[in-house]
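Below, in structure tokens: the form predicted alone, a single chain.
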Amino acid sequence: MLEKLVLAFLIPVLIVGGLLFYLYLGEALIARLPRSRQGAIRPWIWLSPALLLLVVIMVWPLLQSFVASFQHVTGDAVTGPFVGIQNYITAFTDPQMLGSMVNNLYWIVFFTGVTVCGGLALAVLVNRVKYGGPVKTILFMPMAISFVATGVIWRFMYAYRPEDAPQIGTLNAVVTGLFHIPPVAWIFQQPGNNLALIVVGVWMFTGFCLVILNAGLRSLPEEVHEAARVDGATEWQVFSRITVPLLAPTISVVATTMVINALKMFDIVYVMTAGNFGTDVIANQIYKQLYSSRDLGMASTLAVILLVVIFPFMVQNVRRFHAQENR
């Protein structure tokens, strides 16, 4: 135990000390160069540690995953025989994997649509009430809860017991107590169980969309809205023809972020159903292939597919951020 504590203290000190020595040495070398070249070389000297770290922890594993996606790697092996695109063919023909991709499409459509539209509607409403600040805080609070804790909470919400047994789930207690209808197996019955899981994601992320969109809403020039109202525009016309077009860049960034979250969704599905009952998603399939089937090749293939799908949305988000910064 003492040895681990010493290492935990010593390693950060050595890393920081090494970086300071590297920068001191780099500046000493730069000082020996002609002044005309110092400005061009100094940024690379300072950036090199970060770039090296990026290559080690991000680029190299990515390249390894890409290579493994063309190999048959099972068990504890880290490499195996090349199989060409066989893993990709399996990924796009296996019924379970195709089912997980379809479920991710459900997440993209419903999760993104409801969180963005709901967040926008709430942002407009919150902007007009006196106690908007506390309301935003309350709606944003689910974001402070971990995905695992959220999954556990909602398992209790959706808990199902047979019709003749006492219902411990909140929703089934309401259904049987108020409406006198049989309890519903919310997360066990297809196809509604996917929507039940998506509701959990919506509960978590709508507050996030609300906060971002509300900030964008407050940055819009109020004079434009007032001029439209003076000209006789109704509130719906002001919203649909002025507010939404002006807020379009922010809505696009929020929507893109939600699409990325939908594609990466894992925790909620794993905690609530473990991907059973037709609720599997791509990220959960990666986990199953890696730890249950011990098929590193197939897991890498799915990871590469997921990365390829997410990458255009990430690029789009970065471009939006740059465009907003350059305004």
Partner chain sequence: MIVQKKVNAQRSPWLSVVFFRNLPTYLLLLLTSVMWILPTLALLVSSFRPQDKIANTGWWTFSFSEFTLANYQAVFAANNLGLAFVNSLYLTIPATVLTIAVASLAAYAFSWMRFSGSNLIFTVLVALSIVPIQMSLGPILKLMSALHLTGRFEAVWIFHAGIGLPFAIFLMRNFFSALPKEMFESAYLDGASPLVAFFRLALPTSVPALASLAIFQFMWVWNDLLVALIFLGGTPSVAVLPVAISYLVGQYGDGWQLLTAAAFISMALPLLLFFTMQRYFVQGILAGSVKG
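As the structure is a computational prediction, the values presented were derived from the model and not from experiment. Positions refer to the first chain, counted from 1. Here the rigid core means the biggest group of C-alpha atoms that line up within 1.5 Å when the two forms are laid on top of each other.
Just so it is clear, the following notes concern the form predicted in complex with the partner chain, a form of the same protein that is not shown.
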Each of 97, 195 and 323 near the partner chain in the model of the complex, meaning some heavy atom within 4.5 Å? no
Looking at heavy atoms inside 4.5 Å, which stretch does the partner chain contact in the model of the complex, given the options 97-105, 68-76, 178-186, 241-249? 68-76
Residue 87: heavy atom within 4.5 Å of the partner chain in the model of the complex? no
Indicate whether the partner chain has at least one heavy atom within 4.5 Å of a heavy atom of residue 31 in the model of the complex. no
Does residue 163 make contact with the partner chain in the model of the complex, using a 4.5 Å heavy atom cut-off? no
Since only the chain is shown here, I'm wondering whether residue 215 would be in contact with the partner chain in the model of the complex (any heavy atom pair within 4.5 Å). yes
Even though the chain is shown alone, can you say which residues of 86-115 have a heavy atom within 4.5 Å of the partner chain in the model of the complex? none
Once you line up the core, how about residue 36: does its CA shift reach 2 Å between the shown form and the other one? yes
When the rigid core is used for the superposition, does residue 177 move between the shown form and the other one (threshold: C-alpha shift of 2 Å or more)? yes
Rigid-core frame, C-alpha of residue 250, shift of 2 angstroms or more between the shown form and the other one: no
